[in-house]
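Take a look at this single chain in C-alpha cells; it is the form predicted alone.
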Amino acid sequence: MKFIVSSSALLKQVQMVSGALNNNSPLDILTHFLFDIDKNELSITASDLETTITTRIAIESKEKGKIAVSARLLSDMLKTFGDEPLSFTINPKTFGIEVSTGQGKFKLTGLDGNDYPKIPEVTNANFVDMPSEVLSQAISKTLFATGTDDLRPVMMGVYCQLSPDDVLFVATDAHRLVRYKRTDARAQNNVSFILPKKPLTLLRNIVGNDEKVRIDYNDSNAFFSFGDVKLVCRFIEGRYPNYEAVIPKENPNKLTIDRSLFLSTIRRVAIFSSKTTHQVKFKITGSQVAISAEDADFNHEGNEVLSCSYEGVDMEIAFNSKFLVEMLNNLDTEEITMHMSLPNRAGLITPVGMADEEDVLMLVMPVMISN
C-alpha cells in the first residue's frame, strides 16, 4: 500500500488533530494516528475515546487501507522537513512503514488500523447549523469560567441550552459565572447538554472564519462538522446547577467605566495584593472609584482613583483580581457596567453597546474585605 503526500500539508493536519490525543492512554493504539487511505484521499483520526477528531487531505494513491501511525514519531519527523513530497509504503502484513524522500528513507512500525476503536456515528440525531463566529464567541466567552474540581464534573464543562428562539451557553466554577446568549442561531427543538472543556478548546483553535458548523446531537454525543473536519465528543453526564438562582435580580448600584482603563488599573494595583486572596477593593463615592490592594505580610500597597459614571449609594466591595481580569479580558466593548447590591452579594458585569443578537452576563462573587 502506497501513497504520496506533501510534508507541510500533512504536518498541518496532524497538528490539528493531535490535541485529541492522551499521551498517558492505557491503550497503546490511542497514542497513534489512524490513517485511512481511500485512493486520492487520506483521513487522519486522533482519539482519547471521549473526544475524536478526523480531518481529510488530498494524496496520490490508487489503493485503500488502514494503518495506525505513531503520533509522536510522525510529528517529530514532519517538523524537520520543509515542503516536499513524502512517499509512504506500508506493509499490510507486518504494518511496517517506510517513508521515502529525495534524500533518504525512514522506517517505523505501525499497528493494524482495524484495531483502532470505532468512531461513534450519527444516529437518532437532531441538528443545528451555527455560524463559526457564533460558536467561537460562545466558547471564548465561557470556557475560562469552567471549574476544575473533579468532584463536580458537571461544572468542568459548558452547559448548552438550544431552543427555537436562541442558543445559550453557561459556565461556572461556583466563584464566577458566565452566561452567553445568541438569538441569531436557533435549534429545531429544546435540548440541553454539557460539553467537556477539551473538545471545546480544540474547536476554538481549529474552526475557521466564515464557515457553517453543523452540530448533530443525540442522547450521548455531539458531532461537529465543518470543512474537512469532523469532531465527536461525549457529553458530561449529570444535572447542571440552577444557574439562574444565583444571579441577583435587584442590583440598584451601577458603575459604568471604560473597560480597557479599568482592566489595566486592576492589573497594576493587583501586583500589590495578597498572593493568597488576590483581593482588590473598590471604594465607590460619587463619580469616582478608588481601587486598592495590599499585602500586609510584606507591607505592600497599591492605590489608584478612576473617574466613572455611578448610580447608587456609596459602597465598598472587594473581588478576586484574577477573576476580574479574566472577565474583562474576554469582553471587547469600550465600556462595561458593574451591577451591585450589597458588599456580600455577587456583582454582575455586562458590556455596554453589544449587538442586539448577542447577550453576555458575567457574575463574580465578592471576597470578604480584609482590614
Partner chain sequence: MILLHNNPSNSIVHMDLDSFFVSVSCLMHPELKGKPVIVGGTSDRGVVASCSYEARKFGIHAAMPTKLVKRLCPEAIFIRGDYDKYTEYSDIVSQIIKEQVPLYEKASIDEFYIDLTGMDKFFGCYKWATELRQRIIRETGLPISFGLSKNKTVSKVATGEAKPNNQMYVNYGTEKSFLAPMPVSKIPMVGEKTTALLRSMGVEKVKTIQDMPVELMQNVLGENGLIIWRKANGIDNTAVEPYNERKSISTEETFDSDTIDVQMLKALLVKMTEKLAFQLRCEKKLTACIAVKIRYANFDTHTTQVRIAHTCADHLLISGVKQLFDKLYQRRMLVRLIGVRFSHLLNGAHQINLFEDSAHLLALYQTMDNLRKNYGSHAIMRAVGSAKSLRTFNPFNGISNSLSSAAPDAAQPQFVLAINPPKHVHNEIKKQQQNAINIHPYLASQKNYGHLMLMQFKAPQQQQQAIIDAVQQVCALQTPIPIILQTYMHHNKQNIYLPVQKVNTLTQLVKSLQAQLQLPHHQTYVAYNPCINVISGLTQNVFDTVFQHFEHVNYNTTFIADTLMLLTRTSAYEPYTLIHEFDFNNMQTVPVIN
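These numbers were taken from a predicted model, which means no experiment stands behind them. Positions refer to the first chain, counted from 1.
Although it is not shown, the form predicted in complex with the partner chain is what the next lines describe.
Quiz item: the partner chain isn't shown here, but in the predicted bound form which of V213, L177, L203, V158 has a heavy atom within 4.5 Å of it?
Solution: By the 4.5 Å criterion, the partner-contacting residue is L177.
Quiz prompt | The unique member of L108, A125, V246, I271 whose heavy atoms fall within 4.5 Å of the partner chain in the predicted bound form | solution = Partner contact (heavy atom, 4.5 Å) among the options: V246.
Exercise. Specify the contacting stretch among 22-30, 315-323, 60-68, 41-49, defined as having any heavy atom within 4.5 Å of the partner chain in the predicted bound form.
Key: Within 4.5 Å of the partner lies stretch 315-323.
Practice problem: Consider T277 of the chain shown here, and say whether it contacts the partner chain in the predicted bound form, taking contact as heavy atoms within 4.5 Å. | Solution: So T277 counts as contacting the partner chain.
Self-check item: Any non-hydrogen atom of N344 within 4.5 angstroms of the partner chain in the predicted bound form
Solution: The answer is yes: N344 has a heavy atom within 4.5 Å of the partner chain.
Quiz item: Does V360 make contact with the partner chain in the predicted bound form, using a 4.5 Å heavy atom cut-off?
Solution: So V360 does not count as contacting the partner chain.
Quiz item: Any of the heavy atoms of T172 lying within 4.5 Å of the partner chain in the predicted bound form?
Solution: Taking the distances in the predicted bound form, the answer for T172 is yes, it comes within 4.5 Å of the partner chain.
Quiz item: Which residues from 42-78 come close to the partner chain in the predicted bound form, meaning a heavy atom within 4.5 Å?
Solution: The stretch does not touch the partner at all.
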